[in-house]
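The same protein chain appears twice below, in two forms, each given on its own as structure tokens and labelled structure 1 and structure 2.
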Structure 1
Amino acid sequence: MNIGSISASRRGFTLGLMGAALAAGSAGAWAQAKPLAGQTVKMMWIDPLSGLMGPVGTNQLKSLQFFAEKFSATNPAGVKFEVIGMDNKLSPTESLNHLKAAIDQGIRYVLQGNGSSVAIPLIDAINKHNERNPGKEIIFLNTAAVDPDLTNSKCSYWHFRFDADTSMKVEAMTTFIKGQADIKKVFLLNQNYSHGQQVARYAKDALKRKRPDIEIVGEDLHPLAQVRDFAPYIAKIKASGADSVITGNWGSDLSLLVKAATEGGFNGKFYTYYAGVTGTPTALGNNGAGRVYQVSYNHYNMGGQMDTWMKEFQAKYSDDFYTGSIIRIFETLGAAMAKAKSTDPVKVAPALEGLKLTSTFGGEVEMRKADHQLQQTLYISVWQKADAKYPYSPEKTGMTLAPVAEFAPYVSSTPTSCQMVRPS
């Protein structure tokens, strides 16, 4: 071998050592940046996959698993998220059985949201379990159960809500209604359980405060997820002379309601919580244009990274993503675990309290320490024809929910009476 070849060989060896050193340095930096790299966080989702509300749950389970994969690759803790879905049939009893299964499997994070009537007994059971089983504590991540009592009289150290509660949404909705001079007579139609009852109560109080001239011309409650024909309710609304309806209905109870309104010739406005949820866009079609409003913490035309993800989700599942709280859960959980340098709920819970971050959508959010209610921007959007400015069309209707008002967190934030009992 000549001297030139030996020199080249040595240069290669030296470069190889340098590359190995750089690789080791990068691995060290990665380990430092991702303190829990290689750990898996198993989560059990307990919500309906069957019955009238099954389509909503099916969409949300796909959403959770889609974003579990996304955030497993990017979260600052370096953990892998894994979501197991269980069908509770919208039943508290079934939900408690699934909670027991989660406990038996050593799962420390539980997700639920479709029905405060389920959330309340789940919180009670988790509180009791955590008190009796130190070292095996569970955190309850609330995706959509919005009864204000969950962060007031029934608040729990182990419960964190990522949706905006009913009082917050009513505050934003009625602030918007305050400026709508054409609204004179309102009918309140809601599901007969804690959430629906709270929507009616808070709406009456807020309207009295902000628009005392508005007349409540009717109020009705109906069974949750049991009504298949809302024609009698629409007839009652029309007979009342109402020009607007406020409803917290979701799932089939909203899609069937708006379908009955179209067929029954009710041309008034609807102020809703969940107009963008599975089945309702199709039920609305072109008929609700300019007349159906939604209050929410996200909408179909957020833009930016949300736009990219929504298109990807639609292409993968032929379905629409709408439960934005799922993104917030993975954002905050990853940040809290990185801060705590642990996946143990005992260490993660205090790291979640008071946590602030700039979310993928909607700006800065804060998990309020006093009651574990996420403080976030709320939007009012209206059902209209999709256009160049607001192009996303749910359920391929050619329509969309376009934003018409935005309320910063301090506007819709409501006080809490929570007396948080923290572990000693």
Structure 2
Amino acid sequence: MNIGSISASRRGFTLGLMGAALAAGSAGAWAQAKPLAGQTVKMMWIDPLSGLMGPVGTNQLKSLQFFAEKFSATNPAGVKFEVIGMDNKLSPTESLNHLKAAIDQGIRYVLQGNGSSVAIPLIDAINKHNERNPGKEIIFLNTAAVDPDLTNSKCSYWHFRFDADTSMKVEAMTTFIKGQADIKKVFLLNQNYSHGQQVARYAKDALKRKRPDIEIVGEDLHPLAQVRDFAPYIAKIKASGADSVITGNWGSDLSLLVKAATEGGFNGKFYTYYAGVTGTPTALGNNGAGRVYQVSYNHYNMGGQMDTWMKEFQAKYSDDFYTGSIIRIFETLGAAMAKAKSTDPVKVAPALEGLKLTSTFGGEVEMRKADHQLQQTLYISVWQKADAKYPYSPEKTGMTLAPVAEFAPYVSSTPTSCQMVRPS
């Protein structure tokens, strides 16, 4: 009883203080608007900084640190974001070691995205940790791992994906293809691992639904980052009579493919995922102008605030910013923390669920409660010469990705089979 009355009187005292602060004016209003002012949210980024995917990871770590600084100043919760980067060399084992280090340091937010092959073991380990260590839960913020399983059969309450998964991207891509009457024969060429196989599988399903008249004239899987010479594949694609190629290839596998196509006289179109990622713009060069399409949740000519940021990023690092999901992570995290009035993952996770907000770019987004997959607008853009209307040129190639179609979130939204277990 006694203790209760003390705490009650202390609360009264605090309220009185806040009232005084409010009366004092704007400073008090600020304190109330930013309930967690002064708190630091430490995040660990576990992705490659070396090897094949090193350049992509390096770019993304710079992007994260750039936006951590931006959003530390503006987020509604008033927290300060701090990102620690760890090189996982694209290896699940290394990633789990870093996760352990994060746990030891009391870091509660983990970021990863390059490779679902890493994301799946990582979320498994986080699930186990969270189950065994109540009060020390970790949230996994997925920047780019697009395996649909992560929000279906392997969905987790602690996992949130900010990229659009393969099924969503295929949905947008095929909706665009639906309107292209000149596409009659499609060839599927992909890297032989989960991502490439899924692109092929979902593309076949979606085309059958939306354009049953399109013939799949060939399907090939090649080893990841092993093929130097794509000329034999181009000869095969030409012989099949294909007018378009759908490919989830990234990195050198995409640039060499397009290069071989130009040299080998294949004039068809390429529908891709990652034309704008580090290295590919340079390798594409003038090749493939008007023939290489990309499906993504952003592109190089979003305009507005994004444009300002991209120029600033380019000036600071002389590199291009393309992982837009990073902005959304900070936006939603800030909003969720303000809503939960806490940085504790146990309180932030339910605040993230179903969170809707108007993003800096690409309109309204929603973190779907059922599977923790961000619902967002998807864009189809095409590789072409940069001009007055679409001036941003990645890697100073003189070329750009110009938007040709925009699909509202509902167009590419795909059903989920997720049976999420929420902590009681």
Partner chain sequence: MELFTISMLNGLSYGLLLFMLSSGLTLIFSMMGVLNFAHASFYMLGAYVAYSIARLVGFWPGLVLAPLVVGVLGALFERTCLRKVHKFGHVPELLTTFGLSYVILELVQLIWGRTAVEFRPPPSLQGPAFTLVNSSVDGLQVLWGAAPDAMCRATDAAVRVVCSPFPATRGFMMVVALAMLVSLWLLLTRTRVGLVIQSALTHPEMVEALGHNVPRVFMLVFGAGAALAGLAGVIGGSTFVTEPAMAATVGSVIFVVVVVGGMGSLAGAFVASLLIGVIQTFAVAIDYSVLDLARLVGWQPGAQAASHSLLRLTVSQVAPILPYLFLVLILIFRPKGLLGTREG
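Heads up, when I say rigid core I mean the largest set of C-alphas that superpose within 1.5 Å between the two forms. Here, a residue number simply tells you its place in the sequence of structure 1, counted from 1. Predicted model, so just to flag it, every value in this text is computed and none were measured.
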* Identity of the form predicted on its own among structures 1 and 2 -> 1
* Asked: Looking at how the rigid parts shift between structure 1 and structure 2, which one of L189, Y273, W45, A336 is at the hinge?
  -> Y273
* Structure fact -> Rounded to the whole degree, the smaller rigid unit turns between structure 1 and structure 2 by 10
* Structure fact -> Shift in angstrom of the A235 C-alpha between structure 1 and structure 2, rigid core held fixed, comes out at 4.3
* Structure fact -> Aligning on the rigid core, one finds that G268 shifts at its CA between structure 1 and structure 2, in Å, by 2.6
